[in-house]
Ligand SMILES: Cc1cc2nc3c(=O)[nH]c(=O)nc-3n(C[C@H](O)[C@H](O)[C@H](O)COP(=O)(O)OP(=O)(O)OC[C@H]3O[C@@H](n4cnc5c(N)ncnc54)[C@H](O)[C@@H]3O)c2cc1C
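Next comes just one chain, in structure tokens: the form predicted on its own.
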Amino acid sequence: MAISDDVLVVGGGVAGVAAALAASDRADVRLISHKQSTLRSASGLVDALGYAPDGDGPIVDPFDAIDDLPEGHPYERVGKTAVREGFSLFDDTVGDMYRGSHTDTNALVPTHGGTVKPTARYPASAAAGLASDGRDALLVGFEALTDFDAPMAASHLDAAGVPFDARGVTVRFPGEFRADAKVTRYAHALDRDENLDGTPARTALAETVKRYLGDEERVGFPAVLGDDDPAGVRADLEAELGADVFEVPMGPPSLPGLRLEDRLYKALEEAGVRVESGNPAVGAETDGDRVEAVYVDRGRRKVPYHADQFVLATGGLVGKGIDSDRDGVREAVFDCYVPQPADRYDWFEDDAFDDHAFARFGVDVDRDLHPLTADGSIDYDNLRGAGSALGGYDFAAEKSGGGVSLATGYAAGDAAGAAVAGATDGATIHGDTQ
């Protein structure tokens, strides 16, 4: 039997999940992805817009700044209302796992390197660590987790001018663990409150830290405080220490990212979205101005996945949704047009932190997120793009990746669902200026 759905979402990151959830109210949806989501490599923070495209910032209110973004930026394409709807979808999905929905203003979250990052949504586990909080903080690192140098991070925070005193110590995590133990091993020991040398893990860790705790009212740990029960782990540590406890977001593998991935994919299951992963989408069957099917490589067979509407959410250069070689830059599944300088030596600048053209490589779209051809016409009527597959912005420099994925994923999925339901009265156009 042929595989056929109302909406097929290609890509399993934040944009793909948002698109699938937004479409699922009015359509049967299938989401396909090749590899595991990049969420597990991300910090778990969800940024809206931390810096302007010219580098000005940090931005206090991302929604105020959207009006000043250049034409072609994904936020300019979908409009401010869709950005709010995307974040609303996220808030409804994650519930009390996350904070930040009470305000449009960016929060300032300390990172494991001792910098301060402007972000729109942050895990509840990081809430007590905000840099705008004036209470002094003790940062605790573990000898085996060298990615977090607590004394150095504290020194960097002081140098950054945060309104509190930060002090860092490095301790040995109680118990006996392999030198190369993964962060999930420490998290599971705390989840299960394992017996470590005769003492429950949470108590043993608190006893280790108490000897270093002075007048600080809050204590920050690397993000290993539980995988299944992080709230319970923090509550027990707070009771033992008599201080608020928070996690400092870490690099990959990221427990906050894993927790978020679990919650988002549980939401897909609850919404009835069919999810398939492990095989790459390698091409598409088209007929004039419509996509008929996406081909998925299952070993020696290329299997067609048919749908009425399609969402391209395969990622950018990092995720291989946008591919490049000596001959040029291309979108990998639908062969959509990707604007690029003719001379590949113009793709980049000399210095690492310069404004590189390649950072904005991606598909141009109209205000309904249809990919555009080189002459500006719509490529396919039933295909919409979302997330980092889109061009016109530098998510790493702007700190806007999560927000763009939510806004464009929501808008693309909502429009695809509406198209299936027959809503053709223009209500699916998301650009405020349309």
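Computed from a predicted model, the values in this text were never measured in an experiment. Numbering starts at 1 and runs along the sequence shown.
Another form exists, predicted together with the ligand; not displayed. Remarks below refer to it.
**Q** Under a 4.5 Å heavy atom criterion, is Ile32 part of the interface with the ligand in the model of the complex?
**A** Looking in the model of the complex, residue contacts with the ligand include Ile32, since a heavy atom lies within 4.5 Å.
**Q** Does Asn382 reach the ligand in the model of the complex, with heavy atoms at most 4.5 Å apart?
**A** No.
**Q** Is there a non-hydrogen atom of Glu398 within 4.5 angstroms of a non-hydrogen atom of the ligand in the model of the complex?
**A** Glu398: no contact with the ligand in the model of the complex.
**Q** I'd like to know whether Gln36 contacts the ligand in the model of the complex, with contact meaning heavy atoms within 4.5 angstroms.
**A** Yes, contact at 4.5 Å.
**Q** From the candidate stretches 370 to 378, 41 to 49, 22 to 30, 65 to 73, select the single one in contact with the ligand in the model of the complex, where contact means a heavy atom within 4.5 Å.
**A** Heavy-atom contact with the partner occurs in 41 to 49.
**Q** Here the chain is shown alone; which of Met152, Val275, Ala181, Val318 has a heavy atom within 4.5 Å of the ligand in the model of the complex?
**A** Of the listed residues, the single hit is Val318.
**Q** So which residues in 254 to 288, when you check the ligand in the model of the complex, have a heavy atom no farther than 4.5 Å from it?
**A** Heavy-atom contacts to the ligand in the model of the complex: Asn279, Pro280, Ala281.
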